[in-house]
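Shown below, as structure tokens, is a lone chain in the form predicted alone; questions about how it binds or moves come after it.
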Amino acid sequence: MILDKGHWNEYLDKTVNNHRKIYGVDMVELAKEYGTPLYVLFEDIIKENYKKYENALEKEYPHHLICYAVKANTTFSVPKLLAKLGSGADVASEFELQFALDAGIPPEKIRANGNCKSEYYLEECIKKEIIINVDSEEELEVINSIAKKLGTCAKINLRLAGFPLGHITSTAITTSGEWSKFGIDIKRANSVFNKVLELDGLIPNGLMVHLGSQITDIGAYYTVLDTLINLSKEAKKIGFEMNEINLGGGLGIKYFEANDWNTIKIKIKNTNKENYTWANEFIGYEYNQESNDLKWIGEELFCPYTPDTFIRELFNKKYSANITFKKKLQEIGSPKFVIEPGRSIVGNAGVTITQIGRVLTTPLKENLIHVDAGVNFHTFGTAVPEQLHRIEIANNIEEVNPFETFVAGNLCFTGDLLCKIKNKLLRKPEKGDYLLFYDTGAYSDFFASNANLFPRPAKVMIAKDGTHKLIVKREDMFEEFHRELDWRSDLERLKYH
């Protein structure tokens, strides 16, 4: 099975010497210029994704705000680019907050998230009149106390959880179900409305929910929206202002075409017969005793929606009581609709280039290639083992001799696998070849670290006309070790000896 590259097909070409070219840029030469591993972002794809949201919302519901989820890719060039397009920001720490402000995003377009916000973070939000998505009942008291100390009030949304959603994505990135470290229990919502009104340092603004990440089933959104609309009506009866409905983010991207992804899931299901997952690990499935069958419960890597088609269906499809979401918003006074997308803006706008250092087999004769990037630079697979990307050898791309293999990183532990699922390449790779991972614009460096003291990679941004520039430099020895005070002291001593 040679995988369809989906939306990338329109940007792909090849050079005269059979190197992969994207937006007119030779990926092999780019890797040689900037070194590997290398993150590559495509400016025009980011813009296109944002504009799909903006144009669709402008048509369907003009009273809206798009807040880019900074955590999805914390490269400064990204929020800076989006700020120019009118985007707001979803931030999850005081550091992301400063990042967004420095990128030019105004405070009124920022929403503050986080399940364990520091008092400094809350204080900065209150001073700057940033709306805080409150994550727990206990946080209400803290925010009220800080606001009163500052002699002002804090504007808040209540973030809710406890929805009966089942398996809507991988459990590691589900954030709104009955097992969640986030949000206020929906069963206590009415009680919390009253509590907010009793605290004179708080100004109620609306309700918020974030389902999780890589959500591909629009039915899950309808489930929570129905609850939010009904709770909004209850809240308004007692004077809790409902100026905003915030749906968070979470819309998935298409890592694979539907047929390719279904074929992969079937192979995973039969992994004990085909050695399709590392060590025959059972990934993504759960055994259902009632039906005596296997049920997929992991992350879905095919998504039928793009940002614009998602918004159109979300607002116009009739669901509960045969009424559209747009109509239901109008019934509660047409509050501002806020959405906090991350992955669906940057996920399919990036690739990662690594270089192959070894091509060998395991003691069980399974093919294994080693690349110069560990899971610390390709990180979401550590939390979501079924995470998988389309990969391709970037040089000699026309040579065809299909080769199935696992891909391992360069860190000194066995779990350092860039994906735990076997990949199919067009040919057997060789030492020195470059390996291209598609759709890595979101969360690839989310857990980035200096494991084994490897420096964190560089990042390059490519414009529509094919020009490219370095936007994040690779760490050098001093930048990597500079927090080590003894090392710095010894360095100074040797320098002046």
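Keep in mind that this is a model prediction, so the values were computed, not measured. Start at 1 with the first residue shown and count on from there.
One more form of this protein, predicted in complex with a small molecule, exists but is not displayed; see below.
A.B. asks: Residues in which of 212 to 220, 354 to 362, 266 to 274, 76 to 84 have heavy atoms within 4.5 Å of the small molecule in the model of the complex?
C.D. replies: Heavy-atom contact with the partner occurs in 212 to 220.
A.B. asks: Can all three of 19, 394 and 459 be found with a heavy atom no more than 4.5 Å from the small molecule in the model of the complex?
C.D. replies: No, the candidate spot makes no contact with the small molecule.
A.B. asks: Can you tell me if residue 201 lies within 4.5 angstroms of the small molecule in the model of the complex, counting non-hydrogen atoms only?
C.D. replies: Although the small molecule is absent here, residue 201 would stay clear of it in the model of the complex, with no heavy atoms inside 4.5 Å.
A.B. asks: So, residue 335 and the small molecule: in the model of the complex, are they within 4.5 Å at any heavy atom pair?
C.D. replies: Residue 335: no contact with the small molecule in the model of the complex.
A.B. asks: Verify the contact flag for residue 250: yes if a non-hydrogen atom of it lies within 4.5 Å of a non-hydrogen atom of the small molecule in the model of the complex, no if not.
C.D. replies: Yes - in the model of the complex, heavy atoms of residue 250 and the small molecule come within 4.5 Å of each other.
A.B. asks: Is residue 71 close enough to touch the small molecule in the model of the complex, meaning at least one heavy atom pair within 4.5 Å?
C.D. replies: Contact with the small molecule, yes.
A.B. asks: Counting non-hydrogen atoms within 4.5 angstroms of the small molecule in the model of the complex, say which of 156, 418, 208, 100 makes the cut.
C.D. replies: Result of the distance check: 208.
A.B. asks: Which residue, 42, 434, 443, 437, has a heavy atom that falls within 4.5 Å of the small molecule in the model of the complex?
C.D. replies: Here the answer is residue option 443.
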